[in-house]
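As structure tokens, one chain now follows by itself in the form predicted alone.
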């Protein structure tokens, strides 16, 4: 049976993650969350023990949402090229499907934490390395399935794909480029064609 405290904690994390996508992890405060959610500061503190504890849980929650929205559904596609295409498609839709006003939570967090040593940065780095390794594994499966030629360097492919997605994010969010989707698709197809056997 789900406890009331678990539901409250989930609601807090949903709101805090959406808020952090706009104001950053450093912009989170128990006072703001208490006001937004009509909860007491002491009640919020009881859930997370510290602001750093809240930030860490928000990072974990965002990663869980990304896994549920992008990774798990994409991994249901057949191995190799179809799976990679599913990842690209779902990853591109992630900022909208996450329903976070600030767009991609992880781009915002990376910009905020890139030069701030500490547990939150360490966790974000670990999460991103795990994601890069997941992508590299999918590229390796495309090589094993014969979809990509054996000379493909999975890490280089992932580096270029990641760069493509960052360019896409900035084109959509910052530049409001109406051609961003088409440009991302063109860049992805170019990357795929170079890798094909």
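If you're wondering where the values come from, they're calculated on a predicted model, not measured in any experiment. Residue numbers count along the first chain shown, from 1.
Keep in mind the form predicted in complex with another copy of the chain is missing from the figure; the text below concerns it.
Heavy atoms of residue 166 reach within 4.5 Å of another copy of the chain in the predicted bound form, making it an interface residue. Looking at residue 9, you'd find every heavy atom of it more than 4.5 angstroms from another copy of the chain in the predicted bound form.
Within 4.5 Å of any heavy atom of another copy of the chain in the predicted bound form lies no heavy atom of residue 80. Proximity of residue 42 to another copy of the chain in the predicted bound form falls outside the 4.5 Å heavy atom cutoff. Listed stretches are 167-175, 65-73, 49-57, 29-37; the contact stretch with another copy of the chain in the predicted bound form is 167-175, by a heavy atom cutoff of 4.5 Å. Residues are counted as partner-facing when one of their heavy atoms sits within 4.5 Å of another copy of the chain in the predicted bound form; in 109-145 these are 110, 111, 114, 115, 116, 121, 124, 125, 128, 129, 132, in sequence order.
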